[in-house]
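Shown below, as structure tokens, is a lone chain in the form predicted alone; questions about how it binds or moves come after it.
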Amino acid sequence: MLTIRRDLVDAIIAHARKDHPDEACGVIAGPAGSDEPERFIPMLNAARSPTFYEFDSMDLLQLYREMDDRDEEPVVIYHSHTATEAYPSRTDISYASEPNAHYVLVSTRDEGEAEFRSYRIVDGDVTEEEVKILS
């Protein structure tokens, strides 16, 4: 189960809406081993695509160095889908390389309501998990 604060959920959705019609992506870091998302880090979609996201390799290297320095890890890795449901694509599954992370997807296909879902993706196996939002 992903337990996450309301302000972080709102920040992910706001980022997804801001970057629409391109997919948005980012990370929420937390203390290593804690499974507690704390620090919101919106990233640039280097692909600038409505159907695909890609972290810029230099930005990602810098982020991992920063997380190492702060004794953090990626607790949530998020991105948006702009025209489809919030479910990992085959590409999303193949790129999922953090077995301890929660993979959050937000669909912005409906202007009035964002679909927010979380998954664990380990060795190509996708498991949807409950999301508990703290106020």
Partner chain sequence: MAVEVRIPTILRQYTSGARTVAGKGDTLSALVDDLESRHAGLSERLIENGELRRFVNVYVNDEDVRFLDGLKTPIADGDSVTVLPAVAGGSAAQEVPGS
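Only a predicted model underlies this, so the values are computations on that prediction, with no experimental measurement involved. Numbering follows the first chain given and starts at 1.
Beyond what is shown, the protein has a form predicted together with the partner chain; the following relates to that form.
Indicate whether the partner chain has at least one heavy atom within 4.5 Å of a heavy atom of residue 70 in the model of the complex.
No.
Using a 4.5 Å heavy atom cut-off, state whether residue 96 contacts the partner chain in the model of the complex.
Yes, residue 96 sits close enough to the partner chain in the model of the complex that at least one of its heavy atoms falls within 4.5 Å.
Might residue 34 be said to contact the partner chain in the model of the complex, defining contact as any heavy atom within 4.5 Å?
No, no contact at 4.5 Å.
Does residue 64 reach the partner chain in the model of the complex, with heavy atoms at most 4.5 Å apart?
Contact with the partner chain, yes.
Note that the partner chain is not shown here; using its position in the model of the complex, name the residues of 65-96 with a heavy atom within 4.5 Å of it, in sequence order.
If the 4.5 Å heavy-atom criterion is applied to the partner chain in the model of the complex, 65-96 yields 65, 68, 77, 79, 81, 84, 89, 90, 91, 92, 95, 96.
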